[in-house]
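The data below hold one chain only, encoded as structure tokens and taken in the form predicted on its own.
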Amino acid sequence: MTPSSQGSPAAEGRLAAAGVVVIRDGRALVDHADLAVKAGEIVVVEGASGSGKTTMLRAMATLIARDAGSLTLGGIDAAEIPSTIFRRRVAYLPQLPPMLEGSVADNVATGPRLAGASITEETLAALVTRVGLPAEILARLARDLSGGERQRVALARALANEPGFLLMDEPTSALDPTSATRVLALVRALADQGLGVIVVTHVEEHAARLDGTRYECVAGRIRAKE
């Protein structure tokens, strides 16, 4: 596999970070942390606010620089993969995903259009249907969506790039119980379809319901959940 090859999610195999250190203002927010996920797996990282779990996730998404440690995708050093390609293969969803101006269709089509590709109405409909939304939502203004709808539209927007991995920061923390249940079921279904998913959460119940490999983050270090 070359850094520019597209490949399938299964071919990408594994996203792995080893010995990651992130230092800000003289303090190690992430302290020699290891974390990996393979295709079709859910990895859950639990921890209190300020424990370093979100910083680790952002480092794995290459959104912030590492001060030490390695990051590989399919065995290739992330530094050797063009950032535009890496971020299509490894999608990052923040806790409160922003909606762009315009319709839901405009939002979902963002990734392919930025890459210079066209996307059909049929594909857009299939993407929102995949995340449990009706195709009719494509015509709505994104700014009018509820919190649960925003989460799922953001996920559809990420899936439009056909990623192999999803990195999700507190995807249920701002949702009502019904919306949270839908998002958790969706994450489980996506993993069953072959995506590798890392979910950061502080909600013990939601971590348990994802039925994945569980870790906890304490003072910037990641260890197996006991």
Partner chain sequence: MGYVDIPLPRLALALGFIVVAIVLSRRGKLRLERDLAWGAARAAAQLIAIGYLLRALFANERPGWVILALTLMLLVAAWTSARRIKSGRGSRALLLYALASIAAGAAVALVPVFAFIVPPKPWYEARYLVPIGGMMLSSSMNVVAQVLERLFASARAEAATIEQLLALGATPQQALAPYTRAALRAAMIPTINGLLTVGLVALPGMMTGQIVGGVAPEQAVRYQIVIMYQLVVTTAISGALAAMLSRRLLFTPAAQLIVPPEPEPLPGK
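This is a predicted model, so every value here is computed, not measured. Positions refer to the first chain, counted from 1.
Below, we refer to the form predicted together with the partner chain, which is not included among the displayed structures.
A.B. asks: Which one of 146, 84, 123, 129 is close to the partner chain in the predicted bound form, taking close to mean a heavy atom within 4.5 Å?
C.D. replies: Selected option: 84.
A.B. asks: Pick from 185, 65, 174, 48: which residue has any heavy atom within 4.5 angstroms of the partner chain in the predicted bound form?
C.D. replies: None of the others qualify; the residue that does is 65.
A.B. asks: Test of understanding: in the predicted bound form, would residue 134 fall inside 4.5 Å of the partner chain by heavy atoms?
C.D. replies: Residue 134 lies outside the contact set for the partner chain.
A.B. asks: Residue 179: heavy atom within 4.5 Å of the partner chain in the predicted bound form?
C.D. replies: Flag for residue 179 set to no.
A.B. asks: Do residue 158 and the partner chain come within 4.5 Å of each other in the predicted bound form, heavy atoms counted?
C.D. replies: It does: once the partner chain is placed as it appears in the predicted bound form, residue 158 has a heavy atom within 4.5 Å of it.
A.B. asks: Does any heavy atom of residue 75 come within 4.5 Å of a heavy atom of the partner chain in the predicted bound form?
C.D. replies: Outside the cut-off, so no.
A.B. asks: Can you name the residues of 75 to 114 that have a heavy atom within 4.5 Å of the partner chain in the predicted bound form?
C.D. replies: Result: 83, 84, 87, 88, 92, 94, 97, 98, 100, 110, 111, 114.
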